[in-house]
Ligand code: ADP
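Next comes just one chain, in structure tokens: the form predicted on its own.
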Amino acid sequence: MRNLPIFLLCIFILNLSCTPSMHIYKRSQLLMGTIVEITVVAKEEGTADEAITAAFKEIRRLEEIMSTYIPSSDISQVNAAAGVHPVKVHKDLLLAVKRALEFADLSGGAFNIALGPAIDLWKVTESTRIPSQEELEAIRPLIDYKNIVVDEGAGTIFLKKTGMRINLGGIGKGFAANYAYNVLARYGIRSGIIAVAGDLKVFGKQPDGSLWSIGITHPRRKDDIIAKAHLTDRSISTSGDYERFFIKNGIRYHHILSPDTLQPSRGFQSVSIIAKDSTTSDALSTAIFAMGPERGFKLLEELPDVESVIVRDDGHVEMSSGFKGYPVAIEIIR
């Protein structure tokens, strides 16, 4: 530095002093039936605001294609035509369903977007009625995901049996987080967090260079966390029995159903999955929860670059074996 010409030294010092500092900007919006919060690191508020607005717009676009609560959505049209004819759909729905079927095969059917009729029977968020076994068995022929036909060439989806209904609740939020991330990247945002309920896409670092800290909710103490993950360029998704549930005769009935029993899955209070992308973390958190401890842990140990923090039914916290050397720090708080 002593030999640097005076004029270059002056330019160097001037550039340092004029370099705009980076700031954190955050906004939230009600989308996909939940609160979506987007946090970005940017030099100026105007840049951040424009990028976040575009990301929200993208999530809304996907919602209008993939929500079963919107009668005009592509997925609602597919469900309405079940057993009748294929439906031409947007390429993004085609991709989401294709990815969902891949996770169905990977999990041996534990991840199943064809559970729509069972979800409708339980109506966990609307009533405390428990469907009879006879009712559940009557719809069993309608929940075989292999009766979902995706024709990429024609751009259509067809449900082979009348009464079938698909639902992307186990993958849609993670899918949307990935799309929102792509939008932010196009606006030059290199660091931030996209949180769509329990599905978070974390990228880059904080302005001071530190990793982002993400709390994993305690499944039995609403305002506490069970663990803290320090992340960059990873996604984390949590599926639990504590968000949508009711308790009857001392038994907790929640919204994550087992395709085998068509009853709420047992064995876990929560499953948090860390993976490279949000679609994977979202689908696997649902799949592992539905599989139960024995099958779920076995699958986790077979998957590369996927790790987990799991709370069993008895409250015991377990981590997958691959965290040593993994680019994520986990702090168990209990």
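Note that residue numbering follows the sequence shown and begins at 1. What you see is a predicted model; the values in this text were computed from it and never measured.
As for the form predicted together with the ligand, it is not shown, yet the points below apply to it.
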Stretch in contact in the model of the complex with the ligand, which is absent here, among 90-98, 225-233, 114-122, 72-80 (heavy atoms within 4.5 Å): 114-122
With the partner absent here, would 215, 272 and 308 each sit within 4.5 Å of the ligand in the model of the complex, counting heavy atoms only? no
Taking the ligand as it sits in the model of the complex, is residue 244 near enough to touch it, meaning that at least one heavy atom pair lies within 4.5 angstroms? yes
Could you tell me if residue 255 has a non-hydrogen atom within 4.5 Å of the ligand in the model of the complex? yes
Heavy atoms within 4.5 Å of the ligand in the model of the complex: does residue 110 have any? yes
4.5 angstroms heavy atom contact with the ligand in the model of the complex for residue 286: yes
Which one, 169, 204, 86, 131, lies within 4.5 Å of the ligand in the model of the complex by heavy atoms? 169
Counting only non-hydrogen atoms and a 4.5 Å cut-off, give the residues of 170-201 close to the ligand in the model of the complex. 170, 173, 199
